[in-house]
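Only one chain is given next, in C-alpha cells, and it is the form predicted alone.
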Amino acid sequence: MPAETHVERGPLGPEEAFALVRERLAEILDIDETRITRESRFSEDLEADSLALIELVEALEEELGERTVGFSVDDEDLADLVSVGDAVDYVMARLQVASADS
C-alpha cells in the first residue's frame, strides 16, 4: 500500500500549507525545495510561468480536495498570487470558506 494512504488528513495549518505548496512547486519547476520560501515571487524569483501556476493550482485542488470538500481555486484569483506566501494565505482562506460551507 502506498505511504500516502497513511497520511493524516486532519485540518491543515499554515506551515503544512506552505510545505505542500513548496513541495508541489518544486516538483513542477524541477528545483530544490530549499530555493522556495514564503517570500519567493513566482515569476521574478522562481521563473514560474502561468502554466506552472496552473499546474500548481491543479495539484493543490487534487490534494486539498481530498481533505476538504469544496476546496477550489478561482481562476480570476491567480493574478493576485505573486508570491508563495500569497498562495499559502489564499489556500488557508479557501480552506476556511470550504470548511464553513460543509
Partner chain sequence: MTVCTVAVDAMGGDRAPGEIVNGVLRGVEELGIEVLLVGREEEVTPLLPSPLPSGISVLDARDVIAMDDEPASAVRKKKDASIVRCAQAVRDGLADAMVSAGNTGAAMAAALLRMGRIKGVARPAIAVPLPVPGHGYQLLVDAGATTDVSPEWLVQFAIMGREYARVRLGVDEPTLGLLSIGEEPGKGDELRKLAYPLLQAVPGFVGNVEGRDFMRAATVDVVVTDGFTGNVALKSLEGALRSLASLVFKVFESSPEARAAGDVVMPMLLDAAEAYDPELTGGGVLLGVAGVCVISHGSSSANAIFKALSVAADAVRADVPERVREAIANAR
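Since we're looking at a predicted model, the values are computed, not measured. Positions refer to the first chain, counted from 1.
The same protein also has a form predicted in complex with its partner chain, omitted here; what follows describes it.
A.B. asks: With a 4.5 Å heavy atom cut-off, would you call Glu44 a contact of its partner chain in the model of the complex?
C.D. replies: No.
A.B. asks: Should Val69 be classed as touching its partner chain in the model of the complex when contacts are defined as heavy atoms within 4.5 Å?
C.D. replies: No, Val69 is distant from the partner.
A.B. asks: Check Glu39 for me: does it contact its partner chain in the model of the complex (non-hydrogen atoms, 4.5 angstroms)?
C.D. replies: Looking in the model of the complex, residue contacts with its partner chain do not include Glu39, since no heavy atom lies within 4.5 Å.
A.B. asks: At the 4.5 Å heavy atom threshold, is Glu63 in contact with its partner chain in the model of the complex?
C.D. replies: Answer no; every heavy atom of Glu63 is more than 4.5 Å from its partner chain in the model of the complex.
A.B. asks: State yes only if every one of Asp86, Asp89 and Met92 has a non-hydrogen atom within 4.5 Å of its partner chain in the model of the complex; otherwise state no.
C.D. replies: The answer is no: none of the three residues contacts the partner (heavy atom, 4.5 Å cut-off).
A.B. asks: Since the partner is left out here, which residues of 53-79 would have a heavy atom within 4.5 Å of its partner chain in the model of the complex?
C.D. replies: Residues within 4.5 Å: Ile54, Glu55, Val57, Glu58, Glu61, Val73, Asp75, Glu76.
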